[in-house]
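In the form predicted on its own, a lone chain appears below as structure tokens.
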Amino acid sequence: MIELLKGHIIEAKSFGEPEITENGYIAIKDGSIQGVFSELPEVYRGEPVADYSNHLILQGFSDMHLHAPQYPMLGMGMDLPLMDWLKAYTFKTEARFADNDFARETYRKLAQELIDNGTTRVCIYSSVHTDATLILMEELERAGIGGYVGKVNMDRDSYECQETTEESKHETLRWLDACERFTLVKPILTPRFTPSCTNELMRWLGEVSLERGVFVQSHLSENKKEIELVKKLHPDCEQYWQTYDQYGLWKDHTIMAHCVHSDEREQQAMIDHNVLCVHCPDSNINICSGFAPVRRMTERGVWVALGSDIAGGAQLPMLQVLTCCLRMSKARAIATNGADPFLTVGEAYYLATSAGARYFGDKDGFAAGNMLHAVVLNDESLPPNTRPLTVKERFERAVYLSDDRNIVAVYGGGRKLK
């Protein structure tokens, strides 16, 4: 089946200025993009058109790091540093997901809010609870969201959420075996971070990752006190990343959130192993972790994408994460007297879309062969201007000022979700 979308098409084809096709067409066959055209080719004349003329058609957003069981605690504990925040709020909240009914209600609302805000793919943490993790996967699939979901592993210093090592192993295998029924979401192994996992558990997770071909996600160099703790726990490792590497968890497509304090050696280890760094600007500001050197990392060749990191991040919508990324980069530019130039809107848009979409096998932009992931924005309700704006100006303003009320349609995995 052929479908056509018409509107102002804005593609992040590279880490730079977006490519804009004014009132152009995206041709889709069976959910797969066939091409982007400024004029409708003869072969497609007479095919049905979803006419969003004069609206902005953006790529669907990929939230590459968020904690689903922290959704109920958005905006709480923001005056605490990371380790204190985990003890005072996070572990207590995540423990509630032993209640499957509570998990179902929470995750259904979360999935709907993701779609309402144009997030069509995620790499997401659950809690230690196998059944709640499966419920999360069910609700994401119900909403049409694709990506990777992780049952968290924690067998050390995790308070209300702590498992025994044997429980963690047994429940991880039970969860992995139950994941075969899903089509849009896949499992990803999720040692929360080095301080929460014993060496035995980390070694075992590395073996499972190798045997089953499952990707890995965790945290890295987010907070200075966290880094100091890791050094005490692993005096055998010179750097934080090596605590994962020694157990086979640092490899192609491993996801590491934050990397705020990663030096050039740690960044080079990411490049060498094709590790994805997920920048979480709102979280890093809220918990006072620091300003990640995003431009330096991207220009060196580190693969960087964006994450909301709720509930360290207080904003789930990726449009708000995108603008927070811009503001943080400007704060870093000020703090370094311009030595680290700030990111542009187009560059941050790339990090929020194409950079994350690469993790799922996509090419940059609305490339032929990608399944359609798109967000249609109507910016007519935004404040009036004194002159007609270019589409590029409208895009920039929409990034800063739009919210879910401006999103009139969302497409994910080749089908309309909103």
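As the structure is a prediction and not an experimental result, all values here were calculated from the model. Throughout, we count residues from 1 along the sequence that is shown.
Although it is not shown, the form predicted together with another copy of the chain is what the next lines describe.
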* Are all three residues Glu19, Cys123 and Asp263 in contact with another copy of the chain in the model of the complex, where contact means a non-hydrogen atom within 4.5 Å? -> no
* Structure fact -> Within 4.5 Å of another copy of the chain in the model of the complex by heavy atoms, the stretch out of 86-94, 187-195, 294-302, 127-135 is 86-94
* Check whether Trp175 has any heavy atom within 4.5 Å of a heavy atom of another copy of the chain in the model of the complex, and answer yes or no. => no
* Is the gap between Arg397 and another copy of the chain in the model of the complex 4.5 Å or less for some heavy atom pair? -> yes
* His273, heavy atom within 4.5 angstroms of another copy of the chain in the model of the complex -> no
* Would Lys109 count as touching another copy of the chain in the model of the complex under a 4.5 Å heavy atom rule? -> yes
* Arg327, Arg156, His234, Lys169 - the one with a heavy atom within 4.5 Å of another copy of the chain in the model of the complex -> Arg327
* Of Asp252, Glu160, Glu105, Glu207, which residue is found within 4.5 angstroms of another copy of the chain in the model of the complex when only non-hydrogen atoms are counted? -> Glu105
* **Partner contacts in the model of the complex for 275-307 (non-hydrogen atom within 4.5 angstroms of another copy of the chain)** => Asp282, Asn284, Ile285, Asn286, Cys288, Ser289, Gly290, Phe291
